[in-house]
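Only one chain is given next, in structure tokens, and it is the form predicted on its own.
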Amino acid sequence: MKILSIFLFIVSAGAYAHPVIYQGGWALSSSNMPDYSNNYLMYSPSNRYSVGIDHWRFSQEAANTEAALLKINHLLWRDNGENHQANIYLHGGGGVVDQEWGSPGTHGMYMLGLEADWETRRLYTAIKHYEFHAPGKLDMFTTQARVGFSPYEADFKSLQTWFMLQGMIIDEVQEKVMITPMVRFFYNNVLWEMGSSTRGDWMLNLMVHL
């Protein structure tokens, strides 16, 4: 029974938002706010790695900076408890960036990232940090942190609901941390999130596992 409960937790908790999923699985994700968007398609050849294509857009007034790259995600460490799960991921990738501010033009670039989370069936915390570098042209970062809770425990076949608070900063785009209350739902292989920041910016995210 203990092994079964751990398995059900892994399947039904926030695992649907993780960058590395089960072996042979595909993840399609789209995260969107007025100041930025991130869209990717990833394939997990094992439960430790995923590879795919990644696109970022950052908006500063009427100008955009967009990056397209090949990306790899690595599950560095995982702790599966009977009632909790914790993960640390490393991210890396390379591609091109098209800048409309700073040093306008198209340049080669690379990105590095770190992500960590801890969750139970009712509580959730996570932090992500990404850096984008085009030597001599671009150096920027984005950091995102979340805390949240679920008002009820749902089994892995039921609709699950989470209420979260997100803090996010995007270097060169935002001068202050943007706070966004949000709600997360997931059912079967689909996760979606909706929210509005304290300054009135909308947020809409979607992830599907194939």
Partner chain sequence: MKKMMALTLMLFSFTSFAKEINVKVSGMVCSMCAQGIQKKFSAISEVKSLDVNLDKKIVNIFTHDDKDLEDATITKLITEAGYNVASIERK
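If you're wondering where the values come from, they're calculated on a predicted model, not measured in any experiment. Positions refer to the first chain, counted from 1.
Another form, the form predicted in complex with the partner chain, is not on view; read the next lines as being about it.
S.K.: Is residue 85 one of the residues lying within 4.5 Å of the partner chain in the model of the complex, judged by heavy atom distances?
M.R.: Within the cut-off, so yes.
S.K.: Can you check whether residue 196 is within 4.5 Å of the partner chain in the model of the complex, heavy atom basis?
M.R.: Residue 196: no, not in contact with the partner chain in the model of the complex.
S.K.: Answer with yes or no whether residue 121 is in contact with the partner chain in the model of the complex, where contact means some heavy atom within 4.5 Å.
M.R.: Yes, contact at 4.5 Å.
S.K.: Can you tell me whether residue 78 touches the partner chain? I mean in the model of the complex, with a 4.5 angstroms heavy atom cut-off.
M.R.: Contact with the partner chain, yes.
S.K.: Please tell me which of 154, 70, 169, 145 lies within 4.5 Å of the partner chain in the model of the complex, judged by heavy atoms.
M.R.: Contact residue from the list: 154.
S.K.: Want to guess which of 137-145, 181-189, 29-37, 49-57 is within 4.5 Å of the partner chain in the model of the complex, heavy atoms only?
M.R.: Selected range: 181-189.
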